[in-house]
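Below you will find one chain, with nothing else, as structure tokens; this is the form predicted alone, and questions on how it binds or moves follow later.
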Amino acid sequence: MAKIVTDVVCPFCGTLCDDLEVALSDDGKEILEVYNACAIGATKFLHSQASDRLTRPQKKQEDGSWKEVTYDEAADYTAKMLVDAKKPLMYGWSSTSCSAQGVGAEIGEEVGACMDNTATVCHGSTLIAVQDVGVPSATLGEIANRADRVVFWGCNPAHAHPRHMSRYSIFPRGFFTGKGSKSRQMIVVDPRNTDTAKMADVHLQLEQGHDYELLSAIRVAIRGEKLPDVVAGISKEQIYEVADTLKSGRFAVIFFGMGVTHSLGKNHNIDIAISVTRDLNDYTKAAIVPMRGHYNVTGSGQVWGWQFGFPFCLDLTRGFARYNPGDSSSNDLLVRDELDAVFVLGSDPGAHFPVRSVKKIAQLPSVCIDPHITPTSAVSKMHVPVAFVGVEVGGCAYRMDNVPIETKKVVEPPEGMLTDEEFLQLVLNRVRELKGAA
């Protein structure tokens, strides 16, 4: 009879669903089925069982072929690369545990690295805006129980966070939202007619790149002041109607995604979205929450915030933390050719960075630490596979609403495979040996 592991946390997106059930074989070594997860989350668990999975580090040879090496040899290569470099980049950190992020931060401090996470290409502008004007926020649990006005701005949770609406924002029957979706009004702001927009009570199909203007107009409408006939392609009648809808609710929440953070205006869009939320609190209760992507990108910002005072774009080359997004961010450093080594863990810049940056990674000494074979591992000089956090090893992760959740270990990793924290500890010890001998 299959063994069922309950209350499993899904290590895919920032929703961190914590109600999964995983069926294991009689000996507890194989995952048979995953219940309650979305298709993407279930695939992550099942993919860990792939028969062709890489289980040992590999080093790229001169002819482009790969040679298997030991974890000690991989740690030695990584440590020497970082110690010898004058300005190494340590990037990623969003698909691993907080404890691994902490060890990585120690390594970065030892070698004087530039450290950056995936926020640099997604919600970095959100972090800058929060530093500018603060943030009136709430937990997803509070939203599930209280929110009766829900706005999705520049995001498409039906695809990107598939269980967000069923777990927290639209469909759950909460303490004050006992009729589920019938207790709520859903507003989507998106230039595209997405699957999320098709479910909405109101879809504001604004002109691309005009988020700031529309947010400004909503602030004006909330105050009851005059508007021009059309703003960002939306009629003033619609804008007044949306403002009245938000003001008339008991609890309004704005969820926003990369459609806002990466359109014209960037952090200024988030500044004014936060200001809209603050204005709404004069009439009702309101909160705003970013739709964070990687399951622990929020955690990396938290850990570095504790250790260095800044959440991303860290420059430790002078022995102390400096923070200057646009100057010390990964792509800027790569494009300006300022780096001489690249270390990647828990992300895939090879799939998401501009081609100029990826070419530079391919040219430099580089290490990729990832359970998967990815575009980044393909262009790196060393690929170190590690155990899946949340599947083969537990660890703390932060949900998109900044709530820390402890992920579970469900099965054992392949025999002899290290976790990312264990490998990072090997690297840290070797770095200290090398620096002590210098």
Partner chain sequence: MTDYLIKNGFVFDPVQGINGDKVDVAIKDGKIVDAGDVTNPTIIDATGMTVMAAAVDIHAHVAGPKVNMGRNFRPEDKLFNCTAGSGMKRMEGGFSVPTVLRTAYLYARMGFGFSMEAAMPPLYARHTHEEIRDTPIIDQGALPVFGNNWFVLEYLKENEIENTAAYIAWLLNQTKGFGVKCVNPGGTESWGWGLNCETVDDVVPYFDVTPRQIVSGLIEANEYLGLPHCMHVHGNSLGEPGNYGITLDTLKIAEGVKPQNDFGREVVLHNTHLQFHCYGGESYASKSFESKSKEVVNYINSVDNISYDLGVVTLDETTTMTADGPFEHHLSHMNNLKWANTDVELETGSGIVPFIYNPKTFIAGAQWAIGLECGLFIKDPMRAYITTDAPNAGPLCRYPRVYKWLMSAKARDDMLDNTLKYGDKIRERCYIGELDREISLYELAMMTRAGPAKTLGLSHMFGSLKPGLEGDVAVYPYNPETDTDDPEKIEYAFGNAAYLIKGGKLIVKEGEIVDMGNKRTFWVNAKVNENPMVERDISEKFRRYYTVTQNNYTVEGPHFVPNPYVIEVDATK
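Please read all numbers here as calculations on a predicted model, not as lab measurements. Residue numbers count along the first chain shown, from 1.
Below, we turn to the form predicted together with its partner chain, even though it does not appear here.
At a distance threshold of 4.5 angstroms between non-hydrogen atoms, residue 18 is in contact with its partner chain in the model of the complex. Although the partner is absent here, residue 388 sits far enough away that none of its heavy atoms falls within 4.5 Å of its partner chain in the model of the complex.
For residue 399, a non-hydrogen atom is located within 4.5 Å of its partner chain in the model of the complex, even though that partner is not displayed.
The shortest heavy atom separation between residue 404 and its partner chain in the model of the complex is within 4.5 Å. Annotated contact segment (heavy atom within 4.5 Å of its partner chain in the model of the complex): 300 to 308, selected among 328 to 336, 264 to 272, 300 to 308, 77 to 85. Here the marked residues 106, 134 and 251 all reach its partner chain in the model of the complex, each with a heavy atom within 4.5 angstroms.
Interface residue among 237, 282, 244, 72, judged by heavy atoms within 4.5 Å of its partner chain in the model of the complex: 282. This chain appears without its partner; in the model of the complex, the one residue of 160, 98, 200, 232 with a heavy atom within 4.5 Å of its partner chain is 98.
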